[in-house]
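Take a look at this single chain, the form predicted on its own, given in structure tokens.
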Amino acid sequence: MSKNSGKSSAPRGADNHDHLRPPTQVLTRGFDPRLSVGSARPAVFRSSTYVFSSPEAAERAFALASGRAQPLPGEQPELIYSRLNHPNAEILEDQVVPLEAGASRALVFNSGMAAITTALLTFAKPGQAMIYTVPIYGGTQHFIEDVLAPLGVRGRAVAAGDTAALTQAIADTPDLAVILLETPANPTLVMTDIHAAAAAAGRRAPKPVLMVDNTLLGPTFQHPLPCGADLCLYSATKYLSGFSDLIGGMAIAADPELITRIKSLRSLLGNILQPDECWMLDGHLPTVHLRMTRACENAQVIAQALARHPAVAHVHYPTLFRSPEQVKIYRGQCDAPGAMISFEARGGKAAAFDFLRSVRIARDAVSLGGVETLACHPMTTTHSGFTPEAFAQAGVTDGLVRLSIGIEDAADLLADFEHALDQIGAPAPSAATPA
């Protein structure tokens, strides 16, 4: 690593931080103040290109970046150009690792979709197949069906939570290269068994890469890598950042070779996160556990109360699961239920719109994982590109409302939701009437 950055040149694991617990490691590893004129926190390195210490160092850096050579143990090649890598990305990638149990390396992107698409393009080639669970984030499904399929990558959708169907699909899909699970599913929160998928993948030769989009539960409450996943994917925009002020993505793995392969394509595509956003995201990481714990506590109170309201037909939330299989999966791979709630409003789309029109503290907006509470209608927003058949398969109804619970006072949020639910069916205010 270039000596003019703030990142330590010591080998990974050699900085004597690995014995520390994750909340401490996030604040201590990956950054040496001595290399940044004593700054207590990383500076922002906005340079587009970097000066080599020697021609030999330049030759070695390009050989490593191109894949013509492999790094020696503990070797930190010098930086070349910020499309390939830069100090703020390397610091961030080191400091996010301890948040994800079982991880050894991470790679940062300029959006969650960039992380997902780059990972899929790395491991799924024309003539091969991939399996993915549905429902899944609408952008991911669009990429699989409308970009990968024309390129010759066959996608096979399996209903989230159907362990038997998923196991069978993994066993009998020819040329299977990738399995992509989104668990909990967006927006129904149906959970898929990572252990079962990993076991089924392990019986294949060659073994397909098992990827888990862990955005909805985040690294605090679900740990895909110890469950057998090969790759953990995030929209870092959500809980990792948590303040709705930047867009980012992350890929995290236990096997560093997987990250090396994805990094090669990231360098070509140029979808690395820029220095300023890396610096911002790095500053948000120490509060991930604090923010998520508070939001989860709020969500548990609110989910239980919503389930009792007469305007609500059903609440989707892990501690309210009725299916024995869903309860088993939740208890087997999650530490807490998280801060995402979906509920079915009695009265369909009109009722859902009445609710969204009437909330005052919660904001009618897409995205999730911020300190503020957000609410949206998935059928007409995040999943609006689905066909009627896809909506039916995914269980996304016209009365479904998705809530991302924030860190406000739970009593205030609950009062806001109950007031909004009470307005369902009431005449909408006219344009001349103040809301």
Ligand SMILES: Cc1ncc(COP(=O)(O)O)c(C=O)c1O
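What you see is a predicted model, and the numbers here were worked out from it, not measured in a lab. Residue indices: 1-based, along the sequence shown.
Beyond the structure shown, there is the form predicted together with the ligand, which is absent from this document and is the topic of what follows.
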item	value
is_contact(R291, the ligand) in the predicted complex, heavy atom dist at most 4.5 Å	no
is_contact(Y132, the ligand) in the predicted complex, heavy atom dist at most 4.5 Å	no
4.5 Å heavy atom contact, Y330 and the ligand in the predicted complex	no
Close approach of V178 to the ligand in the predicted complex, 4.5 Å, heavy atom	no
All of M113, K238 and G248 with a heavy atom within 4.5 Å of the ligand in the predicted complex	yes
Contact stretch among 271-279, 162-170, 229-237, 353-361 - heavy atom within 4.5 Å of the ligand in the predicted complex	229-237
Among the candidates A345, V212, A253, L216, the residue which, in the predicted complex, approaches the ligand to within 4.5 Å (heavy atoms)	L216
Heavy atom within 4.5 Å of the ligand in the predicted complex - the one residue of Y317, F221, Y137, F123 that qualifies	Y137
Residues within stretch 354-386 having a non-hydrogen atom within 4.5 Å of the ligand in the predicted complex	L368
